[in-house]
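Okay, so here's just one chain, in structure tokens, the form predicted alone.
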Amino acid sequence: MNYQFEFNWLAQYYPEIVKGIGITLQLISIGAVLGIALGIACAWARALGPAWLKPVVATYVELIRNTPFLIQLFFIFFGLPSLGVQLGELQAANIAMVVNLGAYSCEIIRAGIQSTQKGQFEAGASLAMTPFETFRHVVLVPSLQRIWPALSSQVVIVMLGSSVVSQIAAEDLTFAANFIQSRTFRAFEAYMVSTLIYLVLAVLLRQILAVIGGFIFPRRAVR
């Protein structure tokens, strides 16, 4: 059997592909910024926070890291309405990605914080800094520099994992591929194109994060 490749549909469904790419980029942009911010807050709580807060954050981190992202997404989109919380597809997808990345980035950032030498904390105290000021000015930036490659990889993983949001009808790139193959019956070509686009997005995102890391941490010595 000779399979004939056809890509004539690309011109017709170009708007759907562009829209899907745009929504995927929107999801990862919001997810990365808020997810890393949540991860920093949780890492501080687990490493340096009050005793009562540590088990709360630890429970959240273990719950998210040991359950599938798709189940988390379904819980937010299908489960929360039972409690009266109505969310749109993109709202649920954004929340799920922030919550998921927050838990994983928490552990990555906490590893960087815990590798900080004790003398750095003592230096902050000797300058009459509050614990929060010491964390912000002395501990956080060197810690982020140490773990930035691992954190960047996690952001890319979450971007690729965002493909499951099509299961709740969020119109991302995978949704576009599913839509196209359902209309053209060219599943191989539709998913091959979407795979190549995801590959390009992943490479570009990794490069962008590397540039951001170089801008935030310009030749700063790691301690």
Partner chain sequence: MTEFTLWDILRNLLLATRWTIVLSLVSFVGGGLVGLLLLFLRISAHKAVRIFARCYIELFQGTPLLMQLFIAFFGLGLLGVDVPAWLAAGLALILWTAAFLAEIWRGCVEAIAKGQWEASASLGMGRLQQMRYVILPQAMKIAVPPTVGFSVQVVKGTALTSIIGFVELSKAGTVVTNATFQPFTVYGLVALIYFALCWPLSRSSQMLERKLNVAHRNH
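Keep in mind that this is a model prediction, so the values were computed, not measured. Numbering follows the first chain given and starts at 1.
Omitted from view is the form predicted in complex with its partner chain, to which the following refers.
Interface membership of G79, defined by any non-hydrogen atom within 4.5 Å of its partner chain in the predicted bound form, is confirmed.
Residue contact with its partner chain in the predicted bound form: L199 places a heavy atom within 4.5 Å of it.
The closest non-hydrogen atom of Y104 lies within 4.5 Å of its partner chain in the predicted bound form.
A residue is said to contact a partner when one of its heavy atoms sits within 4.5 Å of a partner heavy atom; P55 fails this definition for its partner chain in the predicted bound form, lying far away. For the partner-free chain shown, A187, F188, Y191, M192, S194, T195, Y198, L199, A202 of 184 to 205 come within 4.5 angstroms of its partner chain in the predicted bound form, judged by any non-hydrogen atom.
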